[in-house]
Ligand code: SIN
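Below you'll find only one chain, the form predicted on its own, shown as structure tokens.
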Amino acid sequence: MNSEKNAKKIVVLGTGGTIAGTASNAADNIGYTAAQVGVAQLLDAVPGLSSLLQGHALLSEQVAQVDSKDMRFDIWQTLVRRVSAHLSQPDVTGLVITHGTDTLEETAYFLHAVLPARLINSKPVVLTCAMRPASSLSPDGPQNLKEAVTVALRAGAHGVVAVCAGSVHAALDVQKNHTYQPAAFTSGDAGPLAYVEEGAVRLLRNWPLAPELKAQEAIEKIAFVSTWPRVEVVMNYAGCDGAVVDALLRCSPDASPLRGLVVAGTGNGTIHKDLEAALRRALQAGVRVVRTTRCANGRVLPAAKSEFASSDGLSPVKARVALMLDLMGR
């Protein structure tokens, strides 16, 4: 869909995912190939979209075309450049991104962390997705996309959010919590930010504000950096030892040196004594260590004088993104 000159605009950026997936059999909702349908075609398949726009023009752009399990740093870099460029235009009032569900929460957090506050504290960036491919007998993508545009058009909306199955989640909280059902996302203890009900947004909490991070001051560096610091995630479990950490510390000469570790602890961030000893060795080697929990709900409440840094409530995968950004800012 093309814009009219001088009209207010909503921009939709496509990155692929299940929402753009197809299968040879319309009854097959799992044996599909993701990222097959272009974003312009996805928009054409959304009924009633033109009347929803209420005079806004709709622009679409294909930024990438990947299964989100294969999301890459270079796509994030392109995405943040394109989002910044569009939001900087005074006639663009909101932006939607179609994305696969597998890594949506990481992309959402990345954009939340690095996009300039002056842009996302005044305009919304809405990620949306699907759990069923576009070829399905009952695809959920068109409804999710329509509701994402509804949120992007909402007066006063701002910040990075995700829309799926009628729920609106803040980027800081959103987490995929189901492998198959259309309502695949949760906001954990925080609860949804809003619901989209019959074309109307029912707001439950305030729209999210951009954080004050060093990464925002270095957005150009992040957008064009060629090498990202290597940060890995390790998990605590029964019978765990420190072998994985020690192996990571002995990385081959051809591999990027380990810069950080995020440990997904049990319960309130508890760590097996053997893994804890290995993490201490990592600290002594100059590797940053951040403690999180593998629990879906709750946050780690760090003990006084804890030797491992706190994730400040971030999930393991989001804590990894935050640590990479922090390492790049140093």
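Given the structure is predicted, the values throughout are model-derived calculations rather than measurements. Note that residue numbering follows the sequence shown and begins at 1.
One more form of this protein should be noted, the form predicted together with the named molecule, which is absent from this view; the next part is about it.
Only one of K146, K123, R154, K176 comes within 4.5 Å of the named molecule in the predicted bound form through a heavy atom, and that residue is K176. Checked against the named molecule in the predicted bound form, the residues V46, L53, V66, L279 give one hit for a heavy atom within 4.5 Å, which is V66. Across the proposed site, G17, Y32 and D102 without exception bring a heavy atom within 4.5 Å of the named molecule in the predicted bound form. The stretch among 81 to 89, 125 to 133, 253 to 261, 199 to 207 whose residues place heavy atoms within 4.5 Å of the named molecule in the predicted bound form is 125 to 133.
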